[in-house]
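Just the one chain here, the form predicted on its own, laid out as C-alpha cells.
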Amino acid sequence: MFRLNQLAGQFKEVKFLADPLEYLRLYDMLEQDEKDICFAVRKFAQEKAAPTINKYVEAAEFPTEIVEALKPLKLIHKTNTYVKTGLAYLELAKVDAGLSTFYLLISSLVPHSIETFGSEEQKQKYLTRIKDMDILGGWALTEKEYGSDASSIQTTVKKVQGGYLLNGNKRWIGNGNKDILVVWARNAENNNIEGFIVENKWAGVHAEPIKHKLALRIVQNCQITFKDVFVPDENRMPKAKDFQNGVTQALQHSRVGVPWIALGIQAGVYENVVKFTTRRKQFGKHVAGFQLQQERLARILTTFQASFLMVIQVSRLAQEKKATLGQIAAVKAWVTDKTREVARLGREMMGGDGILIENYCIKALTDAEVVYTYEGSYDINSLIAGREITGLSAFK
C-alpha cells in the first residue's frame, strides 16, 4: 500500500502527456532528417493551417490560401521516403484529414504514377511543376458503377490518328477539377486498362464537385465525364500496360501512406481529448481524473502506439522493396479500423462539446469513415491479406 501511495504521489507531479509520440519514445525510431520533416510540417500545420482550416471545412471549400502557404516549403521534393512522406501526412491530419488527403494525392499517387509509368518527356513536362505545386492533379480510377471492382471499369480509349478518343466517367476523384488527371481507361483494341495524362482544360472534359458530403469536406471529390476527349499519343503512359502493371502497382505505393493519415487522426483525437479532459471539471474534479475517462484515454494512446509500430515497420519494408501487397493491405485495414474506434472514444469523452468542430473529434469521426474506405475498403484489404496468408483467393 505504501508503494501504491508513493506511485500515486509521483503521478500527481507529472504534467499531462501532450504528444503521443513521446509515450513509448517513438521519436527514437526516427532518423534526424525524418524528425526535421515532422517538426517542419507540424509548425506549418499549427501556424498556417489550424487557424483557418475549419472555415473551409464548414463551407466545403478548397483552402487555396493554405495550399499557397505550403508551396514555399518545397515539401514534395523533401519527402522522398515512405516515412518522411508519412510523417507529413500524420502532422497535416492532426489538423484536418482532408488537407492530408489532398497532400497524399499531389505528393504520391499523381507524381508516382508519372515517375513509374511515364515517358521521359512526360516526366520533364509535368513532374517539376507537380512537385513545386504549380499544377495540382487527381488520380482517376473509380467510376459511378465500379468501386472495389476496379478491374471492371468501363471508361474507354479508342485509337485514332495521332492519339486516342477518351469516353466515360469517373467518380469520387479528389482534385478532379484542378489542372491534370492521371486517367485509367480500357483500351478498346486489346481490352487492357492503360494510363493516360489528361489536362482538365481539354475539350470534352467536365468535372463537377460532388456536393453534400459530410467528410473530408475540403477535398474536391468530383464526378467527371469524358466525351470524345482527344488524348495525344505523347500523353499515354507507356509503362502502364495493364491493370497489374499499372493500377495495382500505383495503389500498392500509395496505400502505404493512408495508415499515416489514420495515425494523424488518432494523434489529433488524443491531443485534443487530453487537453480538454485535463482542463474541464465536473463533480468537483478534472474530467481526466475519473476512472472511465482514464481507461478510454489509455486505450486511445496505446492504440496509437500499436498503430505507429505497424505503420513504420511496413513503411521501412516498403522502402527496401520488401513489403508485400498483403502486408500493406493488412496494415491499412487494421489501422483505419482502429482509427474509427479512437475517434468514437474521443467524441464520447468530450460529451456534448465533442460535436463542435473546434474540438476536432466529430470531424475525426466522419473523416475516419472515409479513410477506412478509400484506397481499398476494409473488407477488400483484408481479403488481399487473406489471399496471401492462405494462398487462396476469395475474390476475383
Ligand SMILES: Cc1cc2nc3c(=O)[nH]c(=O)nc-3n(C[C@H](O)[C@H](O)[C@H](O)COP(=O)(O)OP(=O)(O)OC[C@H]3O[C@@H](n4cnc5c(N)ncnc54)[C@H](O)[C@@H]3O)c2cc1C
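All residue numbers are counted from 1 along the displayed sequence. No experiment lies behind these values; they were computed from the predicted model shown.
Another form exists, predicted together with the ligand; not displayed. Remarks below refer to it.
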key: in the model of the complex, W139 touching the ligand (heavy atom, 4.5 Å)   = yes
ask   = Can I173 be called a contact residue for the ligand in the model of the complex at 4.5 Å between heavy atoms?
value = yes
ask   = With the partner left out of view, is S148 within 4.5 angstroms of the ligand in the model of the complex by any non-hydrogen atom?
value = yes
ask   = Heavy atom to heavy atom, is G376 within 4.5 Å of the ligand in the model of the complex?
value = yes
ask   = Looking at the ligand in the model of the complex, is some heavy atom of each of V183, A188 and I197 within 4.5 Å of it?
value = no
ask   = Within 4.5 Å of the ligand in the model of the complex, heavy atoms considered, which of N169, S315, S307, N221?
value = N221
task = Taking 4.5 Å between heavy atoms as the contact cutoff, choose which of V287, M133, A323, L105 touches the ligand in the model of the complex.
result = L105
task = Would you mind picking out the stretch of 84-92, 231-239, 271-279, 140-148 that comes within 4.5 angstroms of the ligand in the model of the complex, counting non-hydrogen atoms?
result = 140-148
